[in-house]
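Single chain ahead, written as structure tokens, the form predicted alone.
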């Protein structure tokens, strides 16, 4: 790989080395901040070389584990590989790797499941301790030392600023034409010196198109040529399309009621089948001139851009399938000016989500009859992935939706339960629940009215009568306590039944 067109800073060009040499800057007990968000823009070479070093050290009987900080999920060659060699003692703020998930749930790895908008500022507050090394992928290094970001921005700005040492990976797979796709805000400050963020439109530029780094901190530059994770997308199933249909019809209702303009308000959607089904539904809907203020650009958003239905999208990362990545890479210029990638402390910023009036769509594991939502834990104790950005958007959105099939495990689990086994989003932050059975608009309702609506519209028929019976008996049990009636001796009984008998 000739680096003449990718590493044009004379100072940093002298620091080009191998991944193996770069990995030597990481020692046992260090905290390492890496780039990467939803499988995009993660370092491709140094984590593997580091995992090899850790495996050799363990074979000699030496301790070697690190803390790993990122933007969000990475890829098997990062989280998976480091987990395989038992090289992690702490992980934050999000994980999607099954191998690492197992080590988290068995207690080997400490996991800080954090709101994604909080991570950078909490690092600056010192809540996580010092950051020893940053390993950040970029598309190019300019003559003046500025960095052209790659397919994600995530927490890269914070890691480059906070780390004692910096390793750069310059990935030739990332298109050189990505220059100009980014807006990195450098106006953040610590309290009490913070100022309002002057943004009133999703595509308003408030920062720089480049990342900055102190060249004196850069100890190694590694060249790579490897793709992002680019996970294949499963086509939306019937349940996902049903949920998307309910959701799109509800948006029509909001426009008709005068609560949204015909172009809607800026959209945010989580990752997965339902999100893509919603984008598919919007593709054939009547809405024009839409915008998105979200975390991740999936294939569905490219489809809406290509169809002229979506004017622009602001995010922090791509999260494309192989086909989607191929489409983008074939002509990045086609999307320039319509896609803007920001740091996740801006893409997920509560101030901006509220000011812009975002419509947020996120998945859930379960909800209870009063509207509390569990997004992260199975049967109360075992984490699945993490809260991600769902809390950033849901609490501050103009309108939020939480979506899930009404059952799981072939019908043995109900997604609507008497009481959630773990709470990520309280009833106060949840506006609308959607399953393939229907949609429950919870805005302005008391707890018992919410229960009636959720059971009627969202619960599966196999469980609806039992849910009604639970609420009725809870009301009767304590006439003086009917605001949010529960039977405490039964509230988690469905979960206990599943753990004992394999069915709720």
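Positions refer to the first chain, counted from 1. Nothing here was measured: the structure is a model prediction, and the numbers come from that model.
Below: the form predicted in complex with another copy of the chain, not depicted.
Heavy atoms of residue 173 never reach within 4.5 Å of another copy of the chain in the model of the complex, leaving it off the interface. Although the partner is absent from this view, residue 365 stays clear of another copy of the chain in the model of the complex, with no non-hydrogen atom inside 4.5 angstroms.
Another copy of the chain in the model of the complex comes within 4.5 Å of a heavy atom belonging to residue 345.
Under a 4.5 angstroms non-hydrogen atom cutoff, another copy of the chain in the model of the complex lacks residue 229 among its neighbouring residues. Proximity to another copy of the chain in the model of the complex, defined as a heavy atom within 4.5 Å, singles out one entry of 307, 216, 195, 256, which is 195. Between the options 94, 328, 181, 128, the residue in contact with another copy of the chain in the model of the complex by a heavy atom within 4.5 angstroms is 128.
The stretch from 377-385, 316-324, 74-82, 271-279 that comes within 4.5 Å of another copy of the chain in the model of the complex, counting heavy atoms only, is 377-385.
Along 479-504, these residues reach a heavy atom to within 4.5 Å of another copy of the chain in the model of the complex: 479, 480, 481, 482, 483, 484, 485, 486, 488, 489, 491, 492, 495, 496, 499, 500.
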